[in-house]
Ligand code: AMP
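Before any questions on binding or motion, here is one chain by itself as structure tokens, the form predicted alone.
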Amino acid sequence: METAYEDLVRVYEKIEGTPKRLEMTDHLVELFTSVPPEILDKVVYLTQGKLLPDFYGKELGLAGKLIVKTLTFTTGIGEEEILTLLREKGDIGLAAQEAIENKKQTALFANPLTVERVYGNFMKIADASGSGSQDLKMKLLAELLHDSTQLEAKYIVKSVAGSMRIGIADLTMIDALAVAFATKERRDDIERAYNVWSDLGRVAKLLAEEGEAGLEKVHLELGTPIRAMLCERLSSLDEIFEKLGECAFEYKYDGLRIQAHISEDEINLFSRRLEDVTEQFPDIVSALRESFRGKEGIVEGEAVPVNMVTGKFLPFQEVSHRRGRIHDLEKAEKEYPVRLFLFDCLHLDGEDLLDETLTDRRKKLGSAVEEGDDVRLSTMLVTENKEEVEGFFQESLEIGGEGLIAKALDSPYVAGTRGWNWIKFKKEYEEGMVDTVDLVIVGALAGRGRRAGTYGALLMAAYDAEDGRYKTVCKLGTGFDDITLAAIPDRLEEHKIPAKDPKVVSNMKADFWFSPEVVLEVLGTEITRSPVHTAAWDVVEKGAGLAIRFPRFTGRWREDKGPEDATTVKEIVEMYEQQEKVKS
């Protein structure tokens, strides 16, 4: 028996109606346990606002004009009236809901919508291409709207517009899956499964069909990217040695993180955001085919822009010119050459290596890769001598690196987590803030004076991994040159929303709001307590959060990072504590 789409959207309404994570979890449990296991993956994807995991590259988003035309055709309401509704509501889903309620054409017969039918039409819309594809997309959407209720229309249109944001973080969905199909004690195992498969729908379906026992089937697979292991940061080498003892230090490369899946038939490259970037870097594919000596493997490294004459590293912006390219690839290779520095081996010749020590993984990486001009192993020093590390640190800076990464020799590779086994070290902390942070744009204030017509400042937030929400830390208005400043409204237009995103926690009222998707690199002078900003609210001081003082944009758009990869609230707290320690 098929599942009514209306049952799904009624749960969405409940979720949108509460800011409380526990209530959201309860509603998700209700939803997950009410649908047949064989379609649970589709329900999860629809709830995430996607059709498939990101690495499939399957996008649903339809142009607003096409949606307006379809609404006009379906309802008999004039295009200008639809546009007026859109301006009044500020949300295309709400405009569609009212348009369907007031439609002038009454259907004589309608088939109730099912999840299977809605998802099937969405997939056909995403697959449509070539001559006549726009007409086909409109026809497929019109079929759904013709048979939809007002509430169903709201979420159908929000989905096809790419604006399906109901405030649910992936971690909340993992909590719900643990309650629905396992136990709270296995919740971390479910998160690990997600980190290995990077596919929440697939994990959900496995749990629904096989329960906890199914988690034993989750292993690395060629062609399926895993979520990257991440670093913590510490303020000094003394603290690093206190944590790790003798450890490995590697250059911190300022490049594009690449996860390469290599088989005898093909090589796939994935970014830190799990996007398939294989076609954008044919030179890396060719170099890996030449250098890799195993039959199959998954290796990880950084694609770093390099001056091929001097060997020095170039700024990250150079490699960013290669991102998203589908034309003139050969020209881009010559203009923006990169060198791949490999630092880890996760799978080799049929054997998963995640649970092996860093020392053993590094040995296997060395045995599997023959270094050449374009593929090299990361430069590494194993020591417990502070003076040796200081010299190594200077070497990294001289060649154009950002600093060092310290790694515990006995550490496993823990996908998707940030922990003390890997520690970032850029320089000895002085009083104040000297390390950059990566923050998410969540809002903007209107420009005044010479900034009239653009944004005067951006409202920036850190990611709180504890509740999956974004907490504000500063207003960002400096560091932008005139060209960048003028271009920001157009660059952020697709992310603009009519009201604050449910996942954003802000005491400030912005003139414009954005879905939390775009990440910028920011440097401030220090971290201070704030009665306004919500990051770490009540953590350091009752009735106060933490804020970055005198923030400045460094010029780097972190297109390699998703919003959940941004600097966390926990990191902001740790940086504040380190800063206060130096002061005392």
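Please read all numbers here as calculations on a predicted model, not as lab measurements. For every residue, the number given is its place in the sequence shown, counted from 1.
Below: the form predicted in complex with this ligand, not depicted.
K.L.:
Has each of R21, D170 and K496 got a heavy atom lying within 4.5 angstroms of this ligand in the predicted bound form?
P.N.:
None of them does, since no heavy atom lies within 4.5 Å of the partner.
K.L.:
Among K424, K154, R227, H146, which has at least one heavy atom within 4.5 Å of this ligand in the predicted bound form?
P.N.:
None of the other options qualify; the answer is K424.
K.L.:
Quick one: of A287, V277, C231, V306, which gets a non-hydrogen atom within 4.5 angstroms of this ligand in the predicted bound form?
P.N.:
Spelling it out, the residue with a heavy atom inside the cut-off is C231.
K.L.:
State yes or no: in the predicted bound form, is some non-hydrogen atom of H27 no more than 4.5 angstroms from a non-hydrogen atom of this ligand?
P.N.:
Contact with this ligand, no.
K.L.:
If you check in the predicted bound form, is Y253 within 4.5 Å of this ligand, heavy atoms only?
P.N.:
Contact check for Y253: yes, within 4.5 Å of this ligand in the predicted bound form.
K.L.:
Within 4.5 Å, heavy atoms only: does R257 come near this ligand in the predicted bound form?
P.N.:
Result yes; R257 sits at the interface with this ligand in the predicted bound form.
K.L.:
Quick one: is F241 in contact with this ligand in the predicted bound form, heavy atoms, 4.5 Å cut-off?
P.N.:
Output for F241 is no: heavy atoms all beyond 4.5 Å of this ligand.
K.L.:
To test your reading of this chain, name the stretch in 472 to 480, 403 to 411, 279 to 287, 486 to 494 whose heavy atoms come within 4.5 Å of this ligand in the predicted bound form.
P.N.:
Of the options given, it is 403 to 411.
K.L.:
Are there residues in 152 to 167 with a heavy atom within 4.5 Å of this ligand in the predicted bound form, and which are they, in order?
P.N.:
Nothing in this stretch is in contact.
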